[in-house]
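Starting off, we have a lone chain in the form predicted alone, written out as structure tokens.
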């Protein structure tokens, strides 16, 4: 759990007369009020265990939503043959991988259990696909292979007990050229996070390139805030809000989850798909990037604690 979220929970615990104890070197947060005790271990215990486990598994989430005819991006599961060698032969894996690449032309390959856009790769050649599959299977029990969707916008909806309390739009990081400055100079004003995701993104670019006047240069194909994307809260009267809200509520209900964030993409064809569901709700970067973001995050966590302790 990030430092900002911890501070918010500590503030709320004082305001709501909830005792908070940090255990197991910060992994467990014990919350108690009267004779009621609840725990946070990245996830609030407000969620049922099966629902949290499904949400943490990208392929499982896809299958559950698909069985209920909910619009969700396609996934193909690849198991690590070393982990499942009694059931899966390595040759069968490569048959599936190559078939998917021939069908799609571009593939997004990622760990089946992942977060914050880490180790998510866009592969445009079969050689890249083979290399990335081998790399990820050395680190993971399973991976997911998805088609590449041309995404116009990505959104995150905060879902609590059948309702959406907040939706924000994510925009990929970019710079606009002025015909004079190099990319490496233009990005200084963005204050990009100092992390591995950003470093990897920039390592693939020619930072010495001077973009033409008004030329837009995207610094990543992903919409992760950890990778430098920006966030803007949607107003409830925005045209897209109701559509996202309806899809997110359907997805949350399908998983029978109580508290989660639901990521939804809007493609260039104006089609909405669920990207993933996160039972571990993080607001640290959102709180800092969005005007009034900390208050919005705190109001949401207050509602969660009110439900948890039936206040």
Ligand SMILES: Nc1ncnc2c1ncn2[C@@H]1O[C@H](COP(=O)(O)OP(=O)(O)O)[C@@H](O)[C@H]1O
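Here the structure is a predicted model, which means the values were calculated and not measured. Numbering follows the first chain given and starts at 1.
Although it is not shown, the form predicted together with the ligand is what the next lines describe.
Although the partner is absent here, residue 234 lies well away from the ligand in the predicted complex, with no heavy atom inside 4.5 Å. Taking the partner from the other structure, the ligand in the predicted complex has a heavy atom within 4.5 Å of a heavy atom of residue 73. When the ligand is considered in the predicted complex, residue 81 lies well away from it, no heavy atom lying within 4.5 Å. The ligand in the predicted complex is not approached by residue 281, whose heavy atoms all lie more than 4.5 angstroms from it.
Annotation: in the predicted complex, residues 65, 248 and 273 none come within 4.5 Å of the ligand through any heavy atom. Out of the listed residues 151, 217, 129, 136, 151 is the one that sits within 4.5 Å of the ligand in the predicted complex by at least one heavy atom.
With the ligand omitted here, the record of contacts in the predicted complex names 108 to 116 of 234 to 242, 159 to 167, 108 to 116, 184 to 192, defined by a heavy atom within 4.5 Å.
Using a 4.5 Å cut-off on any heavy atom, the residues of 207 to 225 that reach the ligand in the predicted complex are, in sequence order, 221, 222, 223, 224.
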